[in-house]
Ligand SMILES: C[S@@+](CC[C@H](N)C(=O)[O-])C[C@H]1O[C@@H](n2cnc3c(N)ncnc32)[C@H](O)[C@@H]1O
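As structure tokens, one chain now follows by itself in the form predicted on its own.
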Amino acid sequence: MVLLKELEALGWGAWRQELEALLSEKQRFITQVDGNARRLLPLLDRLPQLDEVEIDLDADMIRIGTREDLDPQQREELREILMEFRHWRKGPFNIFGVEIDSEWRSDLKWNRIKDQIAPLAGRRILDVGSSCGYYLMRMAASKPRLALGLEPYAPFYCQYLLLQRLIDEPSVHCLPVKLEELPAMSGCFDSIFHMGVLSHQRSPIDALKQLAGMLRKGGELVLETLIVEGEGEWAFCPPKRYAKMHNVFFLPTVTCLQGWLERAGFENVRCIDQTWTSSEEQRQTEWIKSESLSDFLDPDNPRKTAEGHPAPLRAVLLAERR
């Protein structure tokens, strides 16, 4: 595997055998067991194949090719293929003139953080829960040494495969694995992005400790997660569901989250952004087949979820490994 050879060249050969075994099992599951992946993977061979494609990874709407690259029939067939890959949670993308209006306007989050994080040029980056790879592609515009995503949910991983087949960006890779399935990989990364994942962790401090262990000393963590307004070191634990999600376990105050990070081995912890999730950033479009933000909130009070809990408020914190 090309990625494993690259990791070995970076001095990560100690974990090669363990990674090979893990990826072999994941590959078997995706190609032989997972029904969504078995349906989607054959569609990759129907994508347009052009010798040269103009690509812009540094645009809010990532652009792959131009409308003029395809005739109307080819473009309509491409649109049908892309629709088969719904739900498109992260984006947006313009692929040969077909605009994917994803559920999340991921460019809004990226623009809030891109000028406040450590420069990504030449860095080894890990993006946990990378979905289709929108942020990986935006990172690639800064010329990192490696931008590695983790996306265990097969349909989103297949979206990444589709995009990478068209973009063919050598610095970008994605593994269909969970963070906790990886070997220790101590000190391997210069930057780790952990966005939208922590609230789904049953043991958030343990998750933060694992991230700290994978960063080099002085490496940067970019942490974005749901929080709750308030003072003091406490966290809200939804009794059943939160915004119709059954897998949200802890919403800390910013002060509490800072304490978790310090206990996990980080320093220079600071909050750089707090933003209420709005219908500008998350909404239902034709590119998803499910409910979205407006369905998760109290119709009479947008500051409350459907269950009566505080509405989604997200914070971004930066921290360095001690």
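In case it trips you up, residue 1 is the first one in the sequence shown, and so on. Here the structure is a predicted model, which means the values were calculated and not measured.
We do not show the form predicted together with the ligand, though everything after this point is about it.
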Review point. Does the ligand get within 4.5 angstroms of any non-hydrogen atom of Phe156 in the predicted bound form?
Key: yes
Check your understanding: Is Asp115 one of the residues lying within 4.5 Å of the ligand in the predicted bound form, judged by heavy atom distances?
Key -> no
Review point. Heavy atom to heavy atom, is Leu120 within 4.5 Å of the ligand in the predicted bound form?
Key: no
Exercise for review: Answer for Lys143 alone: is it within 4.5 Å of the ligand in the predicted bound form, judged on heavy atom distances?
Suggested key: no
Exercise for review: State the residue from Leu150, Leu161, Val248, Leu78 whose non-hydrogen atoms include one within 4.5 Å of the ligand in the predicted bound form.
Suggested key: Leu150
Point to revise | Option touching the ligand, based on a heavy atom within 4.5 Å in the predicted bound form, out of Lys90, Arg124, Arg138, Arg86 | key: Lys90
Review point. Only one of 233-241, 95-103, 197-205, 215-223 gets a heavy atom within 4.5 Å of the ligand in the predicted bound form; which is it?
Key: 197-205
**Study point:** Members of 242-261 lying within 4.5 angstroms of the ligand, judged by heavy atom, in the predicted bound form
**Key:** none
